[in-house]
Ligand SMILES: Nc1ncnc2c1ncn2[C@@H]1O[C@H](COP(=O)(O)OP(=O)(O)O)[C@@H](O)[C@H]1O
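Next comes just one chain, in structure tokens: the form predicted on its own.
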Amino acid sequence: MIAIENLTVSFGGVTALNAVTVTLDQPVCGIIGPNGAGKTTFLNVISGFVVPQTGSIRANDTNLLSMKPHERARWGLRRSFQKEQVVNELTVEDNIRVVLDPLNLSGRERRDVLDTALDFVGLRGMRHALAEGLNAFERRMTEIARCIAGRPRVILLDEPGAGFSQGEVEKLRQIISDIHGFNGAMVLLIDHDVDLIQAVCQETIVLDFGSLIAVGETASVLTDPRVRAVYLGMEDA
């Protein structure tokens, strides 16, 4: 469970998040809204890359705001970005291995974690391939494997489905849906693909100009007139 209270972030005269208060407790939670709504800022605050002016964030009774970014990573917070962060000069396996360094794992445990993460995303046969030779989907799968390896508690995914074919999106959809059953981690997902959000997210929040305008069961949120107006661009008669 993630409990957020009165979260406010301002950049100069622009309020990116405006006293956002919400509790999220489902395995996969969607975050949607138009461009500039504050979605990525929301994840950046949880990650520790942005310090809010006010507010608190508690995840599984842990005060995240009291921790530095590397401490949150050691605790179990993992993150992907709109532009994937895969190191070309490393193999697929070594791109995943880097998140295991802070964990107290034996050599056998480390090998088992790598094997299961690679199996989960379908890249075990490519473990020794250099990342520079991967296509866009394989690079994204490498990043997701890095997120799910080890002992993650919360995984933040920022538009992981952008630019993929329908078949690739279907595979991504299944992988995201299976994460909680695989390792128990909670997933927060930003994506503009409403079909993806509806398929994998049990609950969804909607931001607009930094304010929370809707939260709840995903199907209900997506039919909310306010959401249809500000995000889907639809006006009810």
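The structure displayed is predicted, hence computed values, not measured ones. Numbering starts at 1 and runs along the sequence shown.
Not pictured, yet referred to below: the form predicted in complex with this ligand.
Only one of Val14, Ala219, Ala19, Ala229 lies close to this ligand in the predicted bound form, with a heavy atom inside 4.5 Å, and it is Val14.
Shown without its partner, this chain lists Thr41, Thr62, Ser47, Gln26 as candidates; in the predicted bound form, only Thr41 has a non-hydrogen atom within 4.5 angstroms of this ligand. In the predicted bound form, this ligand sits beyond 4.5 Å of every heavy atom of Ile205. Among residues of the shown chain, Ile197 is not one whose heavy atoms approach this ligand to within 4.5 Å in the predicted bound form. The closest non-hydrogen atom of Gly36 lies within 4.5 Å of this ligand in the predicted bound form. Of the candidate stretches 174-182, 53-61, 197-205, 28-36, only 28-36 contains residues with a heavy atom within 4.5 Å of this ligand in the predicted bound form.
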